[in-house]
Structures are given as structure tokens and as C-alpha cells.
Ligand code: OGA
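Coming up is one lone chain in C-alpha cells, specifically the form predicted on its own.
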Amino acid sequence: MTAEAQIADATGPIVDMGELSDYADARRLTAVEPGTHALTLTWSDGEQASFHYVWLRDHCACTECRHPQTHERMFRLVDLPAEIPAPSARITDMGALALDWPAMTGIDAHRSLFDPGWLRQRADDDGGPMTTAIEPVPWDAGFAEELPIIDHHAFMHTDAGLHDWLTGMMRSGLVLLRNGPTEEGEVLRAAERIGWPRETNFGRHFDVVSKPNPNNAAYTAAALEPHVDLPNWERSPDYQFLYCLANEAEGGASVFTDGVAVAEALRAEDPEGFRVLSETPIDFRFQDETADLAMRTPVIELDDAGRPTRIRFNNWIRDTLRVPGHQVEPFYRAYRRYWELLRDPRYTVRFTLRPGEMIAFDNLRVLHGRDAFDPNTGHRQLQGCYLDRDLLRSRLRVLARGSAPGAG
């Protein structure tokens, strides 16, 4: 019995492609037109797409080419000749693509079957099931009225609550959980709902409290200017969780700013200043008795399209400025103006975390800070940890395929 016949039904896929993500599609293939290096397929709705022969051979999903349990590729492209001969191609009675590859030197003849829905997902390189992109939406002070707020129980125990949290994080980079317990370690349990915490020199998690002999400004009662955490790491943490266990002290309101949106505001106001901060690498460094972590990078990092995607702004651990003399004044001018905008009330959201609340934010986009507080007026304790972006994307993909909770 063929792989096509084994799993075909009225609504499901036709060919087992070894995918956990759904690819069933009612649109069937109706025609195939072979070419010199590729073939063109036509679906029942008239849509067409071309696929190279080498690509098709590389993506055969049969149990000889893919491991039946792990779905990992066992086929070795390097064993084929650089120019592979064209296969014999036909559309099966059920609307799938069948390819018969001729024998080659040291390689037996081979048959590949492809599901029409699986191919349709990959037509024209549209991203297919790997796509979990949720476009970031920039925000300013008005975002305080739109801040996503998720119930702790829904986040921890329902797919819907977790999905709302994940999409909110991807979209705005700032989400508040409410109505949670005030038990030690709850921040880790929240992180483990998604994956596992990212450990750093501050540990698997950390307590944000005022304490004697601090090795970081967060462990004081002082006001904190807007900043990202750990820009001195080559791989700065992607996301940060801050869970409030107690907040009886006067002051200490949390402050958040969309650093990417502010970078765009700087570019509109001062294109040269934006260029300086996005092209001038500077040094960040953290030192204590057991660690010396340093990184050299621009304050504003751009993607290939020139859009700001990562912010590295942390005045406490900005190290000695090492730039040519003619760049000193332009850098300080641009740095000062960006800092002024980060402080600007037009772009900031301020609120006080209550016990049982957790704020989570994109550490490479959303800068955070706080007002000073008086530790003599009451106990204030937040617990924090970090999480990698890959884990959030993984959970979204797992939820999208309707699987049981897991790391994906």
C-alpha cells in the first residue's frame, strides 16, 4: 500500500509528508508540466507554481529519505551527481504529485510522492508552516490604555490564555499577568509554561530587592534610567519576566518605553543622529569578582532592510568610549538626544506592579526603568528571569498545530 493510500481520507492530507503541522488542503493538483530544470504544477483552483527538480529530490519524505520517527532528513544530496536527471512526473488519481527518478551511478531508481497541500504551502517560498511572524506594532504613552492584560490562571492552564500572551508579546513586546500567587519561584513556573529560563551570571532567576553590597544598580533603591538588560552579552536575553511578590514601599513605579519606536522618532527628527547610533559600535562591560563580560556593538541595531530591530542602551555598563576623535562629539550629541526621547513622557508607560502581577517584555525592544523607592517604608521584592525568543516562537507553532503543551 502506498503512502498516498495509507492516509488519504475526505478531509485529511493525501501523502504522509512527515509534518506535525497541518497541511491538508482541498485543492488538488490537476496538471504537471516538466521543464529543463524544474516542473510547473497547476492546482484545481488554477494556481500555478514551479519547483526545481533538485529541490524536490531533496524534500522526498519517504521512509528511505526521512527517519520515520524523528522526521529528520537521512537523504544525502552530496551522493547525487551535480546535475540530476529529470524524473518522470505525473499527477495521481488523488491529485498528488508522483516522481520516478531514474537510476544514477551508485544510486537506485526511486519514487517520491508529494501531497498537494504540502506543496501549496511552499509555493513561491511563502514561508509555509514555519511562519509565526506577528508584525510588531509600535507604541507610545497611549499604549497604557491598550496594554494586554492576561489572567494568570488562563495563561498557566489554557491554550487560549497562553496564545493571547504569546501574540501580545510578539506584537507589542509588553504584557501584564494578573491575579497570580505570591509564592517564591512563581516566575520560574511562568517561564516553564513556555520553555526553560535563560541562565546568566545572575543565575537562573534573580531577586530585585534593595540589598547591601550590590553588584548591580537594580539591587539598590535608586531610580533606574530606561535600559535593556545585559547588552554586554553577545546574545543578550530576548525576553525578561519580572514577577511582583511584595510592593509595600513608597515609590518604585515601573517605567517602559518602546525603544524601537523611539529610534524611529529619532530618525525622523535627526537622521544623522540615527545614523551615528546605528553605525558606531561602542563597548558595554560588566565586571565583578567572578565575571567580566564585554560586548562591542551599536546602540541601535538594524536589520537588512535598515529597520531598527534591537536596542542596546544601558548607561550603567557602557564602558570607555573608544571612537576616533572626530566621532566623539557627534556620538555624544546623538546619544544624548536619544536618551532625552527615551525619557519623554510622550513615549513612556508608567504603572506600579502589585503582588501577584508579572510584567514580561521584549528586552531588545522595550526599555525598562523605575522610579526611586524608600525601602524604609515597606518591603519591595520582584523576582526575574530571562527567556529566549526561539521558545516563544516554538510554543506558537505547537499551539497552531493543536498539539498538547510542550516545548515543540
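Fair warning: this is a prediction, and the values are worked out from it, not measured in the lab. In this text, residue numbers run from 1 along the sequence as written.
The same protein has a further form, the form predicted in complex with the named molecule, not shown here; the description that follows concerns it.
The closest heavy atom approach of residue 312 to the named molecule in the model of the complex falls outside 4.5 Å.
Remark: residue 365 does not count among the residues lining the named molecule in the model of the complex, judged by a heavy atom distance of 4.5 Å or less. For residue 206, a non-hydrogen atom is located within 4.5 Å of the named molecule in the model of the complex, even though that partner is not displayed. The named molecule is not drawn, but in the model of the complex it has no heavy atom within 4.5 Å of residue 172. In summary, among the residues 242, 156, 98, 261, the only one with a non-hydrogen atom within 4.5 Å of the named molecule in the model of the complex is 242.
The partner is absent here; in the model of the complex, the one residue of 224, 188, 282, 89 having a heavy atom within 4.5 Å of the named molecule is 224. With the partner left out here, the named molecule still marks one of 46-54, 338-346, 367-375, 66-74 in the model of the complex; by a 4.5 Å heavy atom cut-off that stretch is 367-375. Residues from 370-393 that approach the named molecule in the model of the complex with a non-hydrogen atom closer than or equal to 4.5 Å are 370, 380, 382, in the order they occur in the chain.
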